[in-house]
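This document opens with one chain alone, in structure tokens, the form predicted on its own.
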């Protein structure tokens, strides 16, 4: 999986969790919570969806790695089995 594909995957999850959010102008390097109206429950929903849809476990100690779209891609991309091929 590429970093861009990983970013799209995260945006898709956010759009399901917070369908009223405008995700078209998300800046990859800025914290998601600073750009969107996401609360802690929404954030936990993102983590749960990553586990449910893609079998990716994110330990609580690593939640900070999911702060921005860019940091999500940096953290999550290597966790996909096909990322070594991408």
Partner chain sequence: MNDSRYDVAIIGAGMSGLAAGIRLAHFGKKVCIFERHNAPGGLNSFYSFAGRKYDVGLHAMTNYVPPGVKGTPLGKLLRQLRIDREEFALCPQKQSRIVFGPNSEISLRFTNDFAVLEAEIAAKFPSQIDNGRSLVQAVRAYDDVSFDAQPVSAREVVGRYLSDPLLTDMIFCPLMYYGNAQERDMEFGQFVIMFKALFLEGFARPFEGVRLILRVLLEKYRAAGGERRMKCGVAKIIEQEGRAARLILDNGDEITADQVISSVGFAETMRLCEPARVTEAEQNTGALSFIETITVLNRQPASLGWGDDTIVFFNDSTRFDYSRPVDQVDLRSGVICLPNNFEYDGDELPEGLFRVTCLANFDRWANRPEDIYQADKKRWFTEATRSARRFLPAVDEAALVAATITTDMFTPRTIRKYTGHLNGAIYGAPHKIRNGRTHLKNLYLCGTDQGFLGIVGAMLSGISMANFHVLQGSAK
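Residue numbers count along the first chain shown, from 1. Since the structure is predicted, the reported quantities are computational estimates derived from the model, not experimental observations.
The same protein also has a form predicted together with the partner chain, omitted here; what follows describes it.
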Exercise. Taking 44, 51 and 58 together, does each of them reach the partner chain in the predicted complex with some heavy atom inside 4.5 Å?
Worked result: yes
Exercise. Within a 4.5 Å heavy atom cut-off, is residue 39 in contact with the partner chain in the predicted complex?
Worked result: yes
For this session: Spell out, yes or no, whether the shortest heavy atom distance between residue 62 and the partner chain in the predicted complex is within 4.5 Å.
Result: no
Exercise. Can you check whether residue 17 is within 4.5 Å of the partner chain in the predicted complex, heavy atom basis?
Worked result: yes
For this session: Answer for residue 21 alone: is it within 4.5 Å of the partner chain in the predicted complex, judged on heavy atom distances?
Result: yes
